[in-house]
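Here you get one chain, nothing else, as structure tokens; it is the form predicted alone.
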Amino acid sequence: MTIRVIIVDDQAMVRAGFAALLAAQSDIDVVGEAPDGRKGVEVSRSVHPDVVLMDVRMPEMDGLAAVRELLSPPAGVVHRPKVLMLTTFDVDDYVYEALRAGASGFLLKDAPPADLISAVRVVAAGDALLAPSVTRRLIADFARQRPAPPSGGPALRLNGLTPRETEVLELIARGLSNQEIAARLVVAEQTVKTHIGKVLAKLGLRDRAQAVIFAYESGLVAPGDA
């Protein structure tokens, strides 16, 4: 199936460059673009893309506000695309909040072209895009700036997980890939995927990105944990 993509960025050169790169792929179709978040929401609701590439900082409406509108639409709007945030900085509070709002991941604007193409495919397939090394730095940095998690709420929801599921969630939050988790636990990678699916279902989380956020906010993983 062809992946339908729109590009939302206030720089015309960036939009043109990304569009040319993605349109050259046989499985990706760029179906629209917009110069700001407000227009991006309008275009998305018009053409129903599978993936929205969303810049973080834009005039009129920034990427964070646009993500919230796209992923918490008004009654009657059922389309919810996957959103991949684009940022110039690898540590950005807007990106953290966007992940909490339901974005599927983030990508640095200066990433290699192959990474952008891969990112679109990963997000379209329903996976979260969080580079392990950046995950640790991004989430831990902002978790340090937030108050300690309360004893109730998210922490209590951990009680519904089995010990192995809790262990898998902790390893996800520490930035390990499925392959690395499988090696650490000495199990098949498919088994890890099964555990992750159960964790997401039990905790009511959308994807791996929200699982990382939850692990920090529940206190399962503390900022600075290796």
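Bear in mind that the values here come from a model prediction, so they are computed numbers and not experimental data. Residues carry their position along the shown sequence, with the first being 1.
Keep in mind the form predicted in complex with the DNA is missing from the figure; the text below concerns it.
Contact with the DNA in the model of the complex, judged as any non-hydrogen atom within 4.5 angstroms, is confined among 188-196, 22-30, 35-43, 49-57 to 188-196. Taking the partner from the other structure, the DNA in the model of the complex has no heavy atom within 4.5 Å of any heavy atom of R184. In the model of the complex, the DNA lies within 4.5 Å of some heavy atom of R164. For A65, no non-hydrogen atom is located within 4.5 Å of the DNA in the model of the complex, even though that partner is not displayed. When contacts are judged by a 4.5 Å heavy atom cut-off, R15 does not count as touching the DNA in the model of the complex. The candidate spot formed by T87, D115 and A119 lies out of contact with the DNA in the model of the complex, as no residue has a heavy atom within 4.5 Å of it. Residues of 29-50 placing a heavy atom within 4.5 Å of the DNA in the model of the complex: none. In comparison with the shown form, the Cα-Cα distance of G204 and G37 decreases by at least 3 angstroms in the model of the complex.
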